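Only one chain is given next, in structure tokens, and it is the form predicted alone.
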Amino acid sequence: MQTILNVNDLSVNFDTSQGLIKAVDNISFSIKKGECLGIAGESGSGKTQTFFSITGILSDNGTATGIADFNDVDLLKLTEKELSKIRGKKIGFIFQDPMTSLTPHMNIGNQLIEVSMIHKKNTKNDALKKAKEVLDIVKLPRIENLLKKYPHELSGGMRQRVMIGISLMCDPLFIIADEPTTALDVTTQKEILKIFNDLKKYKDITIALISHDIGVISEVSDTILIMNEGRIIEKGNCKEVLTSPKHEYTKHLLSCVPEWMK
């Protein structure tokens, strides 16, 4: 199976008033085409900064070193202009809080259309057709009506589905989902995770699923990384790692999962 992302010796540092802080400490991993890699760990473990760094969206005081080979292109060597042609087009990003990620003064239709028109140079009509297709994929009802609505008029689960839709507008090879089910009720969580499973199965889309919630990770992921203090402390087949964890930290994370979710 083709490897779509190969990360080697990645480190991420932040220059702060307290000195240099190492958020990610010399980690290596790979993701194969069509699989989901789950990245688990508590807040501050480095899981989000890992993917911010390889897509060029670190804060201004952050620097990344190493190799992040995406389809034979080292993302860490690209200029911002070169990266901007990959982000949103070949790599989709679903951020943690759709309320702050969506533009409040633009209706949903225009936010979807804008992505397609910028990255794929589609006409407005073609972009609108694609917008309706992706909203159908993420199982949103009354699409014509929804396109006219603004983010504040939608529930949290609907906004998250719109964010997934935006990430699909350019038919990406790879989607990074950062805590996509945070603050959603259990039923809505299940529905969102089913969408991810369908994207893997029917669209052959590769996914990196970042979450502090082992229960969420286990629903979708084929392989898993467990991160703590910027390091990968355990990795492998998701089912094997979660049923026979070797590291005490992994066992600690599993002990926090309620019995009914196991």
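Since the structure is predicted, the reported quantities are computational estimates derived from the model, not experimental observations. The first residue of the sequence shown is number 1, and the count goes up from there.
Here the subject shifts to the form predicted together with a small molecule, a form of this protein not shown in this document.
Participant: Check whether T48 has any heavy atom within 4.5 Å of a heavy atom of the small molecule in the model of the complex, and answer yes or no.
Facilitator: Within the cut-off, so yes.
Participant: Decide whether L253 counts as a contact residue for the small molecule in the model of the complex under a heavy atom distance cut-off of 4.5 Å.
Facilitator: Flag for L253 set to no.
Participant: E42 near the small molecule in the model of the complex, any heavy atom under 4.5 Å?
Facilitator: Contact with the small molecule, yes.
Participant: Taking heavy atoms only, is E191 within 4.5 angstroms of the small molecule in the model of the complex?
Facilitator: Judged by the heavy-atom cut-off of 4.5 Å, E191 is well away from the small molecule in the model of the complex.
Participant: Looking at S28, T65, N237, N61, which has any heavy atom no more than 4.5 Å from the small molecule in the model of the complex?
Facilitator: In short, N61.
Participant: Counting only heavy atoms and a 4.5 Å cutoff, which of 191-199, 53-61, 29-37, 216-224 contacts the small molecule in the model of the complex?
Facilitator: Result for this chain: 53-61.
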